[in-house]
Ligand SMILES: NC(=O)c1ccc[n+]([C@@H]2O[C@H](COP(=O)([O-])OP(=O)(O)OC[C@H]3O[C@@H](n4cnc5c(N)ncnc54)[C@H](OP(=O)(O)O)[C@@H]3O)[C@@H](O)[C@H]2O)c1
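This document starts with one chain, in the form predicted on its own, laid out as structure tokens.
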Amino acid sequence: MILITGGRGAVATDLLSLLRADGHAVQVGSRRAEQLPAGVPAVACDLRDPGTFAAALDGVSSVFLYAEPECSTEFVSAAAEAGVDHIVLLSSSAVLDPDATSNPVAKSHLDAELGLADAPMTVSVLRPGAFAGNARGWSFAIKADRPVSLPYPDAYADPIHELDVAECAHALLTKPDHRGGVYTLTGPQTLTFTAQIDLITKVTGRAATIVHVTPDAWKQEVAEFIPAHYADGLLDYWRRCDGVPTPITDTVTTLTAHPARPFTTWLEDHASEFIG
């Protein structure tokens, strides 16, 4: 049995489809298991509540683990007691930043990795960069015919399709070849935010424009949705990436035997979210 945690996320949803298509026994753990779609084999698993771990891990041999550091030690102990022999951790390439320990976005993933450092079972770590799905954050402005506010429009990212991340996790969970490694995942291109916005217009046909705002103005604009300390972490990261192309890896090809999907493929898959 394979347990997928973070069950309502895009990567977990794609991973579930891949594993079920292969006939693997799988269950999906979520803090709100009752909110998962009908037909999904759901189990209550709150990664901040060790009291949910034993039942969720019963009969499980492998786990796809969302990076939640708060109770990682307790999760590892419960997994070991349940007989789990492999964990695939969904971390982030943000842990590679020089200031990872002081950036709240990076530190949460780094702490999750450290929590599994001495785990008795095999641990594989996936470190994707920017999810292509982050572009959804611009969809509300684009659908309302408003410009997208960007404090660093020339900051580079490496947008990766969530399905590619899921396929990498699927490969690690179902094949022994690459287990136990640490893998940095990127999309096939390094693109500025400006280039991504231009591609949204090209692919969806919906005009998308940019307004260059100050970091403080952007922080105030998103205050309702992003806690201040996380907003500061994002701003610090974008500042470092301003005008600096992101290094690209071929790890998706290594793990899945196909190249990473370009950002335009993600846009084609999700064009309706920008048209409205």
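The shown structure was predicted, so the numbers you read here are calculated from the model rather than taken from an experiment. When you see a residue number, it is the position in the sequence shown, counting from 1.
Another form exists, predicted in complex with the ligand; not displayed. Remarks below refer to it.
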(request) Spell out, yes or no, whether the shortest heavy atom distance between R239 and the ligand in the predicted bound form is within 4.5 Å. (result) no
(message) So in the predicted bound form, is the ligand close enough to W218 to count as touching (4.5 Å, heavy atoms)?
(response) no
(message) Residue-level contact is defined here as any heavy atom of the residue lying within 4.5 Å of the ligand in the predicted bound form; does P128 satisfy this criterion?
(response) yes
(message) Taking any heavy atom pair closer than or equal to 4.5 Å as contact, tell me whether R48 reaches the ligand in the predicted bound form.
(response) yes
(request) With the ligand left out of view, choose which of T186, S91, T192, S139 has a non-hydrogen atom within 4.5 angstroms of it in the predicted bound form. (result) S91
(request) Considering the ligand in the predicted bound form, find the one stretch among 241 to 249, 55 to 63, 207 to 215, 26 to 34 with heavy atoms no farther than 4.5 Å from it. (result) 26 to 34
(message) Could you pull out the residues of 53 to 83 that have any heavy atom within 4.5 Å of the ligand in the predicted bound form?
(response) Y66, A67, E68
